[in-house]
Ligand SMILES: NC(=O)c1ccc[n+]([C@@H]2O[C@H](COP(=O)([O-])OP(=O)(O)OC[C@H]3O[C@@H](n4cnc5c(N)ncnc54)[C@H](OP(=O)(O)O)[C@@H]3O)[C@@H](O)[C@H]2O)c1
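Consider the single chain below, provided in structure tokens and representing the form predicted on its own.
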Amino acid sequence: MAQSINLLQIGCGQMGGAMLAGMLASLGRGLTARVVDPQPRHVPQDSGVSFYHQLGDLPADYAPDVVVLAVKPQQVMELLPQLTPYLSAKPVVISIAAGITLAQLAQGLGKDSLGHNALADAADGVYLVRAMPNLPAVIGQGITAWCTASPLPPMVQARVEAVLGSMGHSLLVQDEGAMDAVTAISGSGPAYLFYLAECLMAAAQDLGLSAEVAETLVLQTLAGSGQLLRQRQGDCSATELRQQVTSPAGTTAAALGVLMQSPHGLAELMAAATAAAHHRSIELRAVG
């Protein structure tokens, strides 16, 4: 069933713009959107979206059914108290701010704690969702993991999935405690792959290839390998595909001998890197 969504989005930078563009494309006339951002970016022309510089500029009787917080973590806690005049319709509030917990969202809206049914029952208040998209969302190929205080009513969950799925894929995570790990893996993950591309291009040039040839080889190798891995999902693991490429005593085996050596092999480096991202995600909770 097609979704009809009355959206209030706060923030329209790179990720917020991707969300808005995705919703406009997937929901079409089913979306009525108002966006609060002094300098909105990445918005399709003639989109029909109404823009406001600040929350106070919205009509006093405005009551959205979905609110998206697409601002930096440092801004979320300041904004939440200003939202209360617009929550009469018991909307679902979706935050994509890294490290900001459901409890912090509840506190910012004037709720002392997240009880068993608090903020998951429209009779008690709004619905809260914490989500973590990643950069491929800007081309509709993102993955957004999300969690909530407790199970949502089917219609509310459908709205959440329509909003988050407009950027690519969405994944419900049952345990909020896993969201810091999600941030370290899929949230920050594109940067790891981009850096791998940088390193491979530099290595290719060190071996005598031109910058143009290096870029073409590396980008298509990464894109094709990712597509192959995705298509074989469930039938062939990443380990099995690696083994298929690796002939005994061949060139790939020689390279993997370096990458897999211990200590300081790639596995150890990735574990340390993701642990650092995970720790930083936890630190960001202190913002509130």
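Position 1 is the first residue in the sequence shown; the rest follow in order. Please read all numbers here as calculations on a predicted model, not as lab measurements.
The protein also exists as the form predicted together with this ligand; that form is not presented, and the subsequent description refers to it.
Comparing 151-159, 214-222, 126-134, 173-181 against this ligand in the model of the complex, the single stretch with non-hydrogen atoms within 4.5 angstroms of it is 126-134. Residue 96 is the only one of 96, 105, 145, 92 with a heavy atom lying within 4.5 Å of this ligand in the model of the complex. With the partner omitted here, the residue from 39, 262, 231, 244 that has a non-hydrogen atom within 4.5 angstroms of this ligand in the model of the complex is 39. The three marked residues, 14, 72 and 75, each reach this ligand in the model of the complex, with a heavy atom inside 4.5 Å. Within 4.5 Å of any heavy atom of this ligand in the model of the complex lies no heavy atom of residue 23.
Taking non-hydrogen atoms only, residue 79 approaches this ligand to within 4.5 angstroms in the model of the complex.
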